[in-house]
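Listed next as structure tokens is one chain, alone, in the form predicted alone.
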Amino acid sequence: MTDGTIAQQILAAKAGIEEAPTPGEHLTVEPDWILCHDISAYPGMHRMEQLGFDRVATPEKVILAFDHYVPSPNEQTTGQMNVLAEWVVEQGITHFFDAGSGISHNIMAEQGYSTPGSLILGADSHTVTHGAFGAFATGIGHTDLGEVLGTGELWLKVPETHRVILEGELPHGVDAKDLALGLMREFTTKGAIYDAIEFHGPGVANLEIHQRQTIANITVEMGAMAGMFLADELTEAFLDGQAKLPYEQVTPSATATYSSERVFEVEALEPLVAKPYAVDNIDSVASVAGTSVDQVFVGTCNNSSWGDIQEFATMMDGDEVAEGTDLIVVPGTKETLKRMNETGVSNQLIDAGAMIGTPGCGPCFGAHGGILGEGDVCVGTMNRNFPGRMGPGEIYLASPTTAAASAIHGSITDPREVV
């Protein structure tokens, strides 16, 4: 391996060069995986054709999932999905996940596509999620998708890297989403634009894989190109027997240089929310406690894994959803849904008053299934709360445990107060 940060080493390897590239340098790289979904694949397919390509260069590297508009909300979307399904067959794309399979990022994690040292280019901004496994994973636009589909390679700028050292363990009632929001408060939406973030320190060992995914996922809201954890024994255990590609762990060299270094005391955290209408408008749950809640939404690529839903269900156990509050739970994959069914969690949540949705993105991006009305307030485990994101209402971003406490009481509630 070359010297440098994780980002420098992975990009150098995928560009076929020996020396560590300099931040700001541009490289032509060959990705291990090219990710797209029902929203991005349709324009990406057409852009590929406009660029003069009639065949996908590396169909064996393409992953396509129908995850945003599921079930399809209108005739136009159904038509586009039908075209894409035919295109998948014509192009020889075998890594295809039809509607109901789940969210692309969750599928990739569960099924061993996300591996240390890999380069994942995805036409979805939350592709950064795969940095939880030590991959360099970044979002690209439709034009870039057309280019990489047609050529099998893409031009990328080497980022600067921030080093974040996590100290300590999450205290009682605080989970990884609170840590993600705490980091969001530290960086703001402008603190890492086109940069990479590496997570180090003893606190990392205390985080499960699904918790690392939650943190990596939100780094794009800081402006980051990638957010990466060093692979460790937990990563290896998770990938044992299911990794789609052979891999080697990538560790930054002793001579790696960083644009900043920050120490984050995890033990000092309390339950947090991102208030409307910005992801970095962070405050304590206690400061907004009592705010009436019309809808609680648990899901999205940020908090829809089995681990997240299990945390939510544990907090809900024996309690019912407050009158006047809707609860929507959307598992990230069909495997998570099956596990919910097998363990009785589905029935538990339904009996409590929840509605369980088809595995996918759900109402997160405001297209279907749970759109807010004027004046409605939602506590959600998603990653964005922009104006109009889910309709004209207001969104408070929160952890699964805060979401559960709020569903029980019908108002924003500190989960530490729920026994």
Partner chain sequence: MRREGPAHVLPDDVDTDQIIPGEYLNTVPDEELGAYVLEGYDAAFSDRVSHGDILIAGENFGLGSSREAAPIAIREAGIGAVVAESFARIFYRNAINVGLPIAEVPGISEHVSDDDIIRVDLAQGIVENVTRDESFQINPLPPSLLDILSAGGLIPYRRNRR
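Numbering follows the first chain given and starts at 1. This is a predicted model, so every value here is computed, not measured.
Another form exists, predicted together with its partner chain; not displayed. Remarks below refer to it.
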Problem set entry | Distance check, L51 to its partner chain in the model of the complex, heavy atom within 4.5 Å | yes
Problem set entry | Contact test in the model of the complex: S259 vs its partner chain, heavy atoms, 4.5 Å | no
For this session: Evaluate Y194 for contact with its partner chain in the model of the complex, applying a 4.5 angstroms cut-off between non-hydrogen atoms, and reply yes or no.
Result: yes
Exercise. Would T333 sit within 4.5 Å of its partner chain in the model of the complex, counting heavy atoms only?
Worked result: no
Exercise. Out of the stretches listed (266-274, 287-295, 211-219, 142-150), which one is close to its partner chain in the model of the complex, meaning heavy atoms within 4.5 Å?
Worked result: 142-150
For this session: Can you work out whether its partner chain is within 4.5 angstroms of a heavy atom in all three of T58, S118 and F133 in the model of the complex?
Result: no
Problem set entry | Position in contact with its partner chain when the complex is considered in the model of the complex, options N341, Q111, Q80, N281, heavy atoms within 4.5 Å | Q80
For this session: Name the single residue among V250, L349, L156, L207 that comes within 4.5 Å of its partner chain in the model of the complex, judging by heavy atoms.
Result: L156
For this session: Scan 375-408 and write down, in order along the chain, each residue with a heavy atom lying within 4.5 Å of its partner chain in the model of the complex.
Result: R384, F386, P387, R389
